[in-house]
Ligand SMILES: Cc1cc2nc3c(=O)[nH]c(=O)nc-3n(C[C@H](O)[C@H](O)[C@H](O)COP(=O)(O)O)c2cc1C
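Here's a solo chain for you in structure tokens, the form predicted alone.
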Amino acid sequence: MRYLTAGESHGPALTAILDGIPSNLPVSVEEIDHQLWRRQQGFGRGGRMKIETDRVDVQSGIRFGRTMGTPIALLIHNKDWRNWSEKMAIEGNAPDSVVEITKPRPGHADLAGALKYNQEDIRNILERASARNTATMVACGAVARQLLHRFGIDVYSHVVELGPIKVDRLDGTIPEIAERAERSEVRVADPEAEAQIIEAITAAKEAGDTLGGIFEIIVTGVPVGLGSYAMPDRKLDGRLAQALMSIQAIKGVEIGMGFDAARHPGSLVHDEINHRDDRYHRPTNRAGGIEGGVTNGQPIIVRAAMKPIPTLYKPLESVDMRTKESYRATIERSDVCAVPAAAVVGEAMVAWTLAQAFLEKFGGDSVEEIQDNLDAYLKRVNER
């Protein structure tokens, strides 16, 4: 199972092609649109979210609400294209209205990308490097999460830290925490912390600054045995880390206790194993559902750290690539904080990675074949 994406932030559309999705999977286009809507929400988002109302246009691979086993092509139109059609034209020469961007923004791909691809106009870099392109990631993940849900696996997220504020009160079951986070405009399950975070984002906006944070993704219903300890590139924790690090502005990933495990003795880190009612049990889940690169049947818990968005309305010092003179960096329309939206993108990437591992383990050309393989495996595991 794989996907490819294409498109620029201010181009005509964003495109994704999904390959390897089994046949007969019920796919709701409305659910894909809902996930795209979720990505656009959150206190602290910028003006672009008021322009775009993302909807997916399915070009192939789905008929009468079910997959056909052939490649799925998804298209997301950019409404803002009408304002950029001359500046982003496919053919012809650049019109006089085009002002080349030559002042790279610290923290972006601008300088490294311009040097790598030998570009004079940094717009040729920032258009593809833009977080706008996470819309296709969410669309692909929305298909993957429908596959997972078909087999009893669900993906949730919530923000656990934003700027200087940590969310300490997390009472209730996983679905209850997720539901409270879903109702929050900053994806926080604690109302007290939510108010403090909104205040912090407002203060950052007034100061022309930005804020980052940490979100947590929880996956329930995962069977034991996804991933592998046999080869490094097949370890599921490594693959999840790569998937989350592929999201713009993500600078760190941890699973289970993560970095905190290094601060405690082993007796307070590892999960004991019990056996009762003909099942293996662990009273704790410090490993975050993965041991040795393999799922152990516990919920997967993974967190990602997002740096503050580097486009600042009080820009940092930079250098004009043409004149080499010092300038303040270029200002592009941007958000003050996108951590809640990044959590939704994180859900999508985790869902896609888990769907890949799931099909590697139980793969078949149709969902019926996959169900047979899963049932036979679970029967054998339960007999152990």
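As the structure is a prediction and not an experimental result, all values here were calculated from the model. From 1 onward, residues are counted along the sequence shown.
Same protein, other form: the form predicted in complex with the named molecule, not shown, and the subject of what follows.
Visitor: Based on heavy atom distances of 4.5 Å or less, which listed stretch (244-252, 218-226, 185-193, 279-287) is in contact with the named molecule in the model of the complex?
Guide: Going by heavy atoms within 4.5 Å, the stretch is 244-252.
Visitor: Are all three of H149, V155 and V302 close to the named molecule in the model of the complex, meaning a heavy atom of each within 4.5 Å?
Guide: So, no: the whole triplet misses the named molecule.
Visitor: With the named molecule left out of view, which of K307, R234, H77, R180 would have a heavy atom within 4.5 Å of it in the model of the complex?
Guide: Going through each option in turn, the one that passes is K307.
Visitor: Does any heavy atom of G113 come within 4.5 Å of a heavy atom of the named molecule in the model of the complex?
Guide: G113 lies outside the contact set for the named molecule.
Visitor: Is S334 near the named molecule? Define near as a heavy atom within 4.5 Å, in the model of the complex.
Guide: Answer yes; at least one heavy atom of S334 falls within 4.5 Å of the named molecule in the model of the complex.
Visitor: Answer for L354 alone: is it within 4.5 Å of the named molecule in the model of the complex, judged on heavy atom distances?
Guide: Answer no; every heavy atom of L354 is more than 4.5 Å from the named molecule in the model of the complex.
Visitor: Look up in the model of the complex whether A341 has a non-hydrogen atom within 4.5 angstroms of the named molecule, and give yes or no.
Guide: Judged by the heavy-atom cut-off of 4.5 Å, A341 is in contact with the named molecule in the model of the complex.
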